[in-house]
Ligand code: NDP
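As structure tokens, one chain now follows by itself in the form predicted on its own.
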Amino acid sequence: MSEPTATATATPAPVTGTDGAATLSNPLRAGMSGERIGDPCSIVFFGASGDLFKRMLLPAIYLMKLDGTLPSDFALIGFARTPYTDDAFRDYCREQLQTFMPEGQKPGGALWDDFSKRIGYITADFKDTAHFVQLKERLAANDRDLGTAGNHLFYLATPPPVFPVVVEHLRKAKLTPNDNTQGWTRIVVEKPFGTDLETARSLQKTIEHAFPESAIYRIDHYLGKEPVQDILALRFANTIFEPIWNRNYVQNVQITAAESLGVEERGDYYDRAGALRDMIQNHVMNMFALVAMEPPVSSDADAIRNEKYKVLSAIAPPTYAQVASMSARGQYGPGTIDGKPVRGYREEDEVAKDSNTETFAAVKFFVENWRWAGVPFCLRSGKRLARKVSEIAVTFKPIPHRFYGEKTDTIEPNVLVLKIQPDEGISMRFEAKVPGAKDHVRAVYMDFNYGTGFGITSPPPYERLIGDAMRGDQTLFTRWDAVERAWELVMPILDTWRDSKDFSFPNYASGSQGPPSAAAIFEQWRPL
């Protein structure tokens, strides 16, 4: 039986527009200033013929054009092995936008004409410095002809092994910040940032040889999601939450990133990565830090990132002896999703038939500081689970003394849920009296939905993050010290799992709640 729900919504009020026609104005958006526009710049997408570019990055740039947040003096350069001329690459971009943009936002008309004339392409070998010299010449031409003001944004959308190769050749071609006397030079690095602590440190050493930390933007698209950004507003723009945001009132915190999909066409990558590397070390740990950090002294990017690093530093990495009691792993077998049979992980394309890779990972951490001592933070992520849901659930301690409600009533603890996806919003569970002469108590929910409340669809994460990189705002990007600390926290688990085979695999059916072993580290997981 579903719980009663109280829904918080905002009702748009009719007002008169400048043309005299009746329009709708949402009171929650009244008085807001316009969106920030990025600096004039050339943005170079290394790996522009790949899947990430066509599905996510190109649509994000075009949405910025539609929304008016893309600077008018802008240029896009594709840099990849696939042979294209400038005109052929423009046609390719238009085809991808026709495929991946929703109706009403397809490319066309004067807006597309202006956008397309600013698109160029270089057919390149990433190991040949001559092609990077050619890129330097193209950037100079853009500065001269398209008004890009000497500002250069490099986006690494290549496979991770190519990252250090590109950076090294940018350095050799004198395309680093130290070489740019006209404007700024920044680099956006996609995840994963390394495959373990050693490779992450090696990659950092290569990048910092060419780019200072202030010019490095390590992107995590989860940080671009509106509900994740709202964690700070929820905590620090309201007086009702922060006084109880501590060990005295919080019983546990659960962070979940669950998917009903399998590995799809990523079998080769995923079999080398696994759930712990793919999700928990980056996306989930970033959400963890935002939930548990101390109040920053200001909204400055480094003030916020300082507190994120501090709280990660307060987590003790598990010893190898503690791995079994603090973590659990699983691998999905055949099962049913949405009423349809699906195959197990080892039957997926490009997956080893005896694979020991986890498709589910759960970890329990403790923050050893004054605020959180003794409160378990339980993180989990997995594929082929009962449903797709990403959320942060803060469960508060039960009431200390019961004097209300019938003895047969169950009084449940209050729970605050930040819903990341597929729904975006905030939900609060509390107890209420059932109408009538009897004193029955039942749990009810009060829900806020971003789309209903504000009357707009949240922009895609990449649109926000690319715009921030153009503006020089590093708030939603991960600093190296936090990346390194996250690897330090998961390495004992990764090492243990790498060196030991789990003979129970597959140990959960597709469409289920995950492996039974997850309950051994934490018994109170929220049902998916």
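Numbers for residues come from their place in the sequence shown, where the first is 1. Keep in mind that what you see is a predicted model, and the values were worked out from it rather than measured.
The form predicted in complex with the named molecule is left out here; the points below concern that form.
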Counting only non-hydrogen atoms, the one stretch of 44-52, 496-504, 475-483, 62-70 within 4.5 angstroms of the named molecule in the predicted bound form is 44-52
From Ile244, Ala314, Val434, Val162: within 4.5 Å of the named molecule in the predicted bound form by heavy atoms is Val162
The listed residue (Asn282, Thr256, Thr158, Asn151) that reaches within 4.5 Å of the named molecule in the predicted bound form by any heavy atom is Thr158
Using a 4.5 angstroms cut-off on non-hydrogen atoms, would Ala80 count as touching the named molecule in the predicted bound form?
yes
### Query
How about Trp487: is it within 4.5 Å of the named molecule in the predicted bound form, going by heavy atoms?
no
Discussion item. Residue-level contact is defined here as any heavy atom of the residue lying within 4.5 Å of the named molecule in the predicted bound form; does Pro107 satisfy this criterion?
Written reply: no
Should Pro192 be classed as touching the named molecule in the predicted bound form when contacts are defined as heavy atoms within 4.5 Å?
yes
Restricting to 218-242, the residues within 4.5 Å of the named molecule in the predicted bound form through any heavy atom are none
